[in-house]
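Only one chain is included here, represented as structure tokens and corresponding to the form predicted on its own.
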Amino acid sequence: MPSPRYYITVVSGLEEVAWGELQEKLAAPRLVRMERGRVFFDSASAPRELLALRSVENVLAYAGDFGGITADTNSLEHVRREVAQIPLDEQVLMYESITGPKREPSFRVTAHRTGTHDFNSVQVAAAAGAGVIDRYGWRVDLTGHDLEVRVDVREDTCLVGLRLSDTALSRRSRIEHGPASLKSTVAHCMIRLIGWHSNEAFVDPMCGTGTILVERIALGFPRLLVGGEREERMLQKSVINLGAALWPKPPARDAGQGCLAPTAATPPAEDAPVRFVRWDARRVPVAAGCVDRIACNLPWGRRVGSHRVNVHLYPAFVREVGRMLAEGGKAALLTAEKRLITRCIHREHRLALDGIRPIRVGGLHASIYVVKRV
């Protein structure tokens, strides 16, 4: 019997990184195809296991796809007829294996459309919903639904799936939010791009609300984990988010240790190798060559900071990255300031550019720059 077919949605540009996590965590997944923002695969793993993936936005059970979509509104009737021919019985069983059986399920359709058409996503959802009713007679419920059918129209094709994850998997591990909080899925992929091991010292010099720190700990405790921030307000948000994700009681203050300046740190638990430090990322109180991995979401100069400020911040910060990293150490730096960060990396003689991963997040084009200490 063939394995069930799934597809996942990911932040555009991180498809290969997500596939690497699937191969690591699932039972012999077989890649079917990979396209912008989506990965299709077969796997014998239980549907519930897919919900533990951390690089993934949404998990869906694949139902079918079809072509023949044209620009005019006649395609809406085509969508209705084709969706009515697509069985969802197996996909519903997969969903019920997670949630329990639904006697008379309600549903809604979520539609996404890209391309040039004379109709919009709402009209696509209505047409597809009519097709589901034609076949199953399920009751529509836009807010309290049991099942969510997802329909994606891209140019002349249409994809149909049943969502297995109730909410986007990136909405995790965060109680406190910042003005430009990083998606958990992107943070996780940044760490995967530079690798990790249990004996490392890991630093996020501009930790914001702590998203990268939470994702690093989800991969296991390193020897030392340090989050730094200039603003006390943001540092406290990071402490709260990490504590909420990992510990049932609030953190207690403690002195720093290791390569940190004394009295600077705030661990979330007495025995945890985690430190929070208030500092200026242009002058980090960390000894040279004692950090194995760095991951950081720099200010892009839009919601946070400005290009004028970044022109002064980036060169000093990149020099600190080169100084802090041990030989062979790596850093993942995320920003939309592409020319500026590239120029700074090339000018820092201790660093070599090891890869650039363009991504699209929040409607903006950015890149993850992987650098290595030479």
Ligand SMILES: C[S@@+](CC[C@H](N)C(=O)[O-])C[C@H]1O[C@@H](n2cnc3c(N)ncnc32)[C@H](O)[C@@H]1O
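The numbering used is simple: start at 1 and walk along the sequence shown. Fair warning: this is a prediction, and the values are worked out from it, not measured in the lab.
The same protein has a further form, the form predicted together with the ligand, not shown here; the description that follows concerns it.
With the partner omitted here, the residue from 76, 304, 193, 290 that has a non-hydrogen atom within 4.5 angstroms of the ligand in the predicted bound form is 304.
Checking 331, 59, 313, 341 for any heavy atom within 4.5 Å of the ligand in the predicted bound form turns up a single hit: 313.
With the ligand omitted here, the record of contacts in the predicted bound form names 178-186 of 68-76, 178-186, 141-149, 82-90, defined by a heavy atom within 4.5 Å. In the predicted bound form, at least one heavy atom of residue 229 sits within 4.5 Å of the ligand. Remark: residue 279 counts among the residues lining the ligand in the predicted bound form, judged by a heavy atom distance of 4.5 Å or less.
Although the partner is absent here, residue 170 lies well away from the ligand in the predicted bound form, with no heavy atom inside 4.5 Å.
In the predicted bound form, none of the heavy atoms of residue 163 sits within 4.5 Å of a heavy atom of the ligand. If you take 15-31 and check each residue for a heavy atom within 4.5 Å of the ligand in the predicted bound form, you get nothing at all.
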